[in-house]
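The chain below stands alone, shown as structure tokens; this is the form predicted on its own.
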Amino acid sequence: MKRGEMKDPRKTFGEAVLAQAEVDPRIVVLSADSSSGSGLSPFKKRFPERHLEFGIMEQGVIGFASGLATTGKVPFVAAIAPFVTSRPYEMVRNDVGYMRQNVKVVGRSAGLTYSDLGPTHQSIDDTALLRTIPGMVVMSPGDPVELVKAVKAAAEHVGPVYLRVGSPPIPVLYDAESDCPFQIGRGILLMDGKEVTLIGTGAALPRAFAAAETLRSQGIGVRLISLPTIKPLDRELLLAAARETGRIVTVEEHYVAGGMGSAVAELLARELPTPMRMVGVGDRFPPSGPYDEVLRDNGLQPDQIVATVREFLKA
């Protein structure tokens, strides 16, 4: 991958799962009427005996995946994000979380990326729901390199994982794969600065990156952190950022309540109270429409993030 190259995250996910399946025969893929839309057509062609399509039966597919995990398989369950989180939440909590099954739940088109289909398809409460499940790892990569490494980390991790995947193409932010030291429970420092820390995750990361570049061009010392793992949090990195910059701004395609920003705020409230601003969706059902317009309606475009940071610094 080359920096600046635009990649379809669904296709990237499908390629990454296939690559892992080539070296790990335990990996199987389950879909709920979402195989091609989740980028899994190449997997289905290469390993038809390891691909199971369930149709619109999300509660059942979660239970089936949990059963497969008891036999030593490593199931990846992929479908539209709200349909594998909020719809079958009881099964994810009980069959996967409570039973500590080695299942990887993949919510594609997460966040606001299903903008045109409105609140029923916009997945902006999934982080809040699944991070409450004890032992559940929650990952939200915001770059194609992070996504490939997140799939590998999920496959190798023993235990339940939720992986958020967007839909529209996203740019490669790293000069080289070696510049992305991905590890579950670790954030990644993308830019250093001493005045304010900007934290991005998932599909919002590229816009946080663009905002940070603009702020730096205006002479503001921004520290930019990518947080591809929301649970567990990178305690050391976040506390250092709070201590050294004194201000934190989080950016995510999720409700402000219960999302990545809330997780960071909970950590800081316990250990190092720090002024914060959270850029995300407020207490409402967002409208449907073109993706860029829905983002602007929620203050998630780069120029709006810049304005939020500048206002925060003045305050």
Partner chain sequence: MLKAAEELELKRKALQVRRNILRLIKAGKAGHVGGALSMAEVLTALYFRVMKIDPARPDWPERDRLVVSAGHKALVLYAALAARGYFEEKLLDTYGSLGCRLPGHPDMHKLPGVEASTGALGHGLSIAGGMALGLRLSGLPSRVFVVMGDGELAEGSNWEAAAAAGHHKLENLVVIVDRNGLQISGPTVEVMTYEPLEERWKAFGWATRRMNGHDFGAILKTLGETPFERGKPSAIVADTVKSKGLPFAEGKVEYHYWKPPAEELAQAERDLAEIERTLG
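Residue numbers count along the first chain shown, from 1. What you see is a predicted model, and the numbers here were worked out from it, not measured in a lab.
Form predicted in complex with the partner chain: not shown, discussed below.
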Sort through 172-180, 97-105, 233-241, 214-222 and report the only stretch with a non-hydrogen atom within 4.5 Å of the partner chain in the predicted complex.
97-105
From the list A128, A155, M91, I184, which entry has a heavy atom within 4.5 Å of the partner chain in the predicted complex?
M91
If we define contact as a non-hydrogen atom of the residue within 4.5 angstroms of the partner, is H121 a contact of the partner chain in the predicted complex?
no
Examine E266 and determine whether its closest non-hydrogen atom to the partner chain in the predicted complex is within 4.5 angstroms.
no
Does A257 reach the partner chain in the predicted complex, with heavy atoms at most 4.5 Å apart?
no
Decide whether L272 counts as a contact residue for the partner chain in the predicted complex under a heavy atom distance cut-off of 4.5 Å.
no
Could you run down 37-58 and flag each residue that has a heavy atom within 4.5 Å of the partner chain in the predicted complex?
E49, L52, E53, F54, M57, E58
